[in-house]
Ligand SMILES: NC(=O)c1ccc[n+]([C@@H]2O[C@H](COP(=O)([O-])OP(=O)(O)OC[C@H]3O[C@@H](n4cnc5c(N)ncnc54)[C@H](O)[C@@H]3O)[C@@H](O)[C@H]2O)c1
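Here's a solo chain for you in structure tokens, the form predicted on its own.
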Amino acid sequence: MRKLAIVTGGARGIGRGCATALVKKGLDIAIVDMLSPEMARTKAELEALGARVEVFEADVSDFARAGEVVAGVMAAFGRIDVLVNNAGRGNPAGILEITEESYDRTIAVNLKSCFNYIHHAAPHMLAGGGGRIVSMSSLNAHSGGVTSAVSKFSYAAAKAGIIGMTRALAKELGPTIAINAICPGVIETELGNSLTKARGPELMKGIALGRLGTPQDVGELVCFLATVEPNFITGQNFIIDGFQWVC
């Protein structure tokens, strides 16, 4: 029987890269996103690769809706083997200009969403004999975003929170569920194109591998953490940035 992965923010960008890598590894996919046209296109692409794909329109910050989505996934597939918490949003506002509403929204979409989906999915994963969780943090969780970063302190705080959550839940959910975080550097996506187009050549000079990352790069690491056997990796955060020292 094919395994099932939930990918939040899976309609485009890094999420689509993760979903594609998992499909190529033989998994079926449940995509959670708010971008209906993009979800439909990605669903068709993944189905063409031989996967069964279901889509769920949802704001990932909504706790109750997360429960409905997980219930829908269980009704459709009867199992949850992998959860990829990929959905997120940037925030370029600094401490002196950010509003409380903007700060709360950044934390809700990037950090609370991970809690929402882990809380609802983990009982099914435990009952099914275990699984893997991969949550998308960021290089900014380590660097603080520096002054030129497209997203500043609120985003860095949320992404650092994912690392703390991952470490704590590795102890709480082990040995049945392995949970890890990934910290991408600059990745070429629809969301990040404004940064990569404007500063691409400059950024590449500060990356040891001489190029920007792609959703496929991140997808392959997610796929490894989600499927490798035997597995002795949990509670970790993996930087994937081509060794980047300019942000």
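Numbering starts at 1 and follows the sequence shown. Given the structure is predicted, the values throughout are model-derived calculations rather than measurements.
One more form of this protein should be noted, the form predicted together with the ligand, which is absent from this view; the next part is about it.
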{"query": "Heavy atom of each of R12, A58 and A87 within 4.5 Å of the ligand in the predicted complex", "finding": "yes"}
{"query": "In the predicted complex, E190 touching the ligand (heavy atom, 4.5 Å)", "finding": "yes"}
{"query": "4.5 angstroms heavy atom contact with the ligand in the predicted complex for D33", "finding": "yes"}
{"query": "Heavy atom of G185 within 4.5 Å of the ligand in the predicted complex", "finding": "yes"}
{"query": "Contact flag, F77 vs the ligand in the predicted complex, heavy atom cut 4.5 Å", "finding": "no"}
{"query": "Contacting member of H124, R105, R167, K112, with respect to the ligand in the predicted complex [4.5 Å, heavy atom]", "finding": "R105"}
{"query": "Residue among V73, M136, I118, L173 with a heavy atom within 4.5 Å of the ligand in the predicted complex", "finding": "M136"}
{"query": "Partner-proximal stretch of 64-72, 34-42, 47-55, 203-211 relative to the ligand in the predicted complex, 4.5 angstroms, heavy atom", "finding": "34-42"}
